[in-house]
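This text opens with one protein chain seen in two forms, each one given by itself as structure tokens under the names structure 1 and structure 2.
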Structure 1
Amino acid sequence: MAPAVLVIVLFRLWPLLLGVNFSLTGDGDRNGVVVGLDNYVELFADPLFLGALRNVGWLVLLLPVAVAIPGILATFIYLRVPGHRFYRSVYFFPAVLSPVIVGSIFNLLLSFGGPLNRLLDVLGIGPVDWLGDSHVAMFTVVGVHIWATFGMALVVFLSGFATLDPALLDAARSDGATLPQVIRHVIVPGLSRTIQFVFVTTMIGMLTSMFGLIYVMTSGGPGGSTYLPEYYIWIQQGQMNRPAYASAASTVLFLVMLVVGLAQVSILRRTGRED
């Protein structure tokens, strides 16, 4: 017990406290000087950081989409649509690519003069500046993130299906249930734990692994519209040379993650009790 506690205190809690302590000091001319909550006051007055937090809110709102897509596709594979084996491997394929490669591929596909816009042009729909329009760019990046990562959730769903009792499906079918009815009354209740697990893991993925895509696809732009807190921290530390201020932003991100994490733990615990 004692060594484990020591390791946690030494490598986890102590650096965390150092970081929080550091966030209460100044940068540049005020390097090392205690400035109280100045960094936090500045942080919450910066529209760019508030925009980054707002984008976190968008990610939470888009979460059901990110869960529904692998869920629906896994359902089709489970129901053995023609070619389901082929689709299973194809859907999983992007999950093994690094965000930098995915981002570079989509940079080419989605560039203003790129293939997608040429296709839209042929169809008579005007070109869309997928990565250069501040109203569209965040959704583009989230869409690419979902495309790149849903394979893993799909596998989790498929393993959930393996635990589903086929007799229930047969019974529903012989009672004349339509596909939507089967999904709503048999599959969703039977997979409730799997669905909740996917919700939690997808949320974590969205909050922690978007940096690579943002970095490669938009650099936070246009006009800061695709900033996320991680990217903000990186810019402040690396480009603006403001490590203490970046520490303050990291502390806020930590608190956000803590709230989200605790909410997820309570959801999982409640699910466990239901079962």
Structure 2
Amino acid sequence: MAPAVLVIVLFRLWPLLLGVNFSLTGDGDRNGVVVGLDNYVELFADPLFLGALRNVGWLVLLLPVAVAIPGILATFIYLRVPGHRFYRSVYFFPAVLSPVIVGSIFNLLLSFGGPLNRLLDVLGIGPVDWLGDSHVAMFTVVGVHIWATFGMALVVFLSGFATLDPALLDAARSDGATLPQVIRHVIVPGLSRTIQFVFVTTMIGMLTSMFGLIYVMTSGGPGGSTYLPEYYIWIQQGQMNRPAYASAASTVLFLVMLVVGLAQVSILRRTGRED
């Protein structure tokens, strides 16, 4: 017990506290000088950072979609639809690709004169500026991220299905339950812990693993509309050379992830008890 606690303190809590402490100091001419909450005040007055937090809100709203897609596909694979072995490999394939490669591919597909817009033109639908319209770009990047990463969640769901009691499914089928009823009353309650895990890890992935896609596809644009806190932190640390200010943004990102994660687990547990 003691070694485990020591590892957590040394490699988790101590660096976290150092980062929080560093966020209370200044950059540049005030390097090393304690500035209190000045970095946080500046942070919440920056429209780019507020826009990044607003985009986090969109991610939270889109999270059920990101979880439902691999969950439904895993259900079909578990129920052994024709070709389920082939689909399992195909669905997982994008998960092994680098975000840089995925972003480059979709940059070509989604360019204004690209194949997708040409297809829309054939169908009589006007072209969409997928990456150049500030009202569309964030949803485009999130959609590509979901496509690229849902294979991992699919594997987790399939692992969860391995723990599901087949007798319950057989009993539901014997009682004449439809597929939606089986999903609602047997699969979802039986996989409640797996669903909780996928919700939390998918949200963490959205908040901490979209840097590569944003960098390649939009570079935060147009007009900062695709900024996320992670990308904002990199700009401040890597481009503006403001490590203390970036630490303040990192602390806020950590708190956001903590609050969102705890809220998700609480809601899902309450839903599970109601079922």
Partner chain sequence: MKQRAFWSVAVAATLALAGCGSATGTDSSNSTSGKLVVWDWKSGDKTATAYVAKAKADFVKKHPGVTVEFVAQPFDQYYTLLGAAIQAGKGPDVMMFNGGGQIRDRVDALVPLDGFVAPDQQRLTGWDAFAKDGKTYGAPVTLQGYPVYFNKTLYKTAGLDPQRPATTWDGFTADCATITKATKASCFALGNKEGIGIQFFLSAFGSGILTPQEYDSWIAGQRDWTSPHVKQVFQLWKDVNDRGLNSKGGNSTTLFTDAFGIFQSGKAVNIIGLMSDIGHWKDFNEFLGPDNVGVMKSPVIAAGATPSLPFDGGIGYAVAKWTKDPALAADLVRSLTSTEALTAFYADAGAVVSDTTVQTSSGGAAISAIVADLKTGKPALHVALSSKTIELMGRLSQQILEGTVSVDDALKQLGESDRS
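Since we're looking at a predicted model, the values are computed, not measured. For clarity, a rigid core is taken as the largest C-alpha set superposing within 1.5 Å between two forms. Structure 1's sequence is the ruler for residue numbers, which start at 1.
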Exercise. Just one question: which structure is the form predicted alone?
Worked result: 2
Problem set entry | Identified hinge, Gly190, Ala45, Val34, Val216, relative rotation of rigid parts between structures 1 and 2 | Val216
Exercise. Which rotation angle in degrees describes the motion of the smaller rigid part relative to the larger between structures 1 and 2?
Worked result: 12
Exercise. By how many angstrom is the Cα of Leu255 displaced between structures 1 and 2 when the rigid core is overlaid?
Worked result: 3.4
